[in-house]
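Single chain ahead, written as structure tokens, the form predicted alone.
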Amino acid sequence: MFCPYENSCGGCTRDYSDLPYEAQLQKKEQLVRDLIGHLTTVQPITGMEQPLHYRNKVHAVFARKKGRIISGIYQEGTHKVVDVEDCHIEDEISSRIIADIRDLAESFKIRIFDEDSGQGLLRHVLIRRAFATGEVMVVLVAASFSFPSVNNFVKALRTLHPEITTIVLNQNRKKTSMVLGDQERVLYGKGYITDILCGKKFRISSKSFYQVNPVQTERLYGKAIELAGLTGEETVLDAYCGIGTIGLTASEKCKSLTGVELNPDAVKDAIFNSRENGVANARFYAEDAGEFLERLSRQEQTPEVIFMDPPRSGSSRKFLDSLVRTAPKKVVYISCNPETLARDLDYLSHQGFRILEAWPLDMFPYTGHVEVVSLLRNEQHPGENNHA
């Protein structure tokens, strides 16, 4: 794949952007084998048939360069903005919307935020598109809610892109690398979009964690639920549950589902999603996953199956220790970082868990990232899994 920005952008991984796709898959599979092959059987990697324009979430930072407005991504390791006109891994509709926002900002004379001086208004634009429903959210991230001619701006943008179903103005006044601020106003629509994943409807707000590659996400969650081997009688904990995607997908195959997530906005979405899908056997809690599991272990409340999908830093030692004390029959560990996965699996392998198998999946083509779903069995319950 030829990319004119590959030497400056940093969005893709240089070692992968020039590789044929099959070679990328081989390299990622070998990476996983090198890291955890001594702990378990690593299955062949699952790739994509069409590994381009897969990102349903597109973010652009805005800046001025030589008197004109540019938008794109920070150059790797810097806060210098690389002007990106067309990205091969981003959703094409979202990219066109960003280009038109850039032109509208010029015609409306919107001041672009300058990080050095702290002056200006428009900082970022975030687009989220639901591939299944076609709904589109536009988030304008500004240094202030005082956005001049905002109603006319919204009207002009919707005229150009009637597919937009909601527009949100997010205020970020902080000197921070975080894109979104804490406060926002809905300028048009519901303030969220709805997507369909694994047959379930999900509400996605501006701050919701939602996998950026829906095609591979369905495969990932399908494999995770398959590995769990649910019969309809199990109590299930979905740790780091986000807006409830994994748990709600599994809910009809288990007796009861509990989801725990630190982000309260995501938990609100999870509760909404549960009701929207008519799921009556699910409960969601806004709490640190490690502290929640610690309490369950003290109360001797043991989920039979735990799904865990921690951040790139992996699971905390508190969570892992509580997992050991709680002693579920099975754990399905979904990881976006094979290095921290290897660390955590190694620890659990010395604490009474057997790692039965691992399935790598290419969630982010043309980058060095690879997702892995692993199945663990508690050796206190040796006969509980058909995948042994």
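The numbering used is simple: start at 1 and walk along the sequence shown. This structure is a prediction, so every number in the text was calculated from the model and none was measured.
There is also a form predicted in complex with a small molecule; it is not shown, and the following applies to it.
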item: Contact residue in the predicted complex, chosen from L121, V279, L262, I93 - any heavy atom within 4.5 Å of the small molecule; value: L262
item: Contact residue in the predicted complex, from S206, Q211, N273, S251 (heavy atom within 4.5 Å of the small molecule); value: Q211
item: Among 85 to 93, 296 to 304, 310 to 318, 144 to 152, the region lying within 4.5 Å of the small molecule in the predicted complex by heavy atom distance; value: 310 to 318
item: Non-hydrogen atom contact A289 with the small molecule in the predicted complex at 4.5 angstroms; value: yes
item: In the predicted complex, Y221 touching the small molecule (heavy atom, 4.5 Å); value: yes
item: Contact flag, V236 vs the small molecule in the predicted complex, heavy atom cut 4.5 Å; value: no
item: Contact of Y240 with the small molecule in the predicted complex (heavy atom, 4.5 Å); value: yes
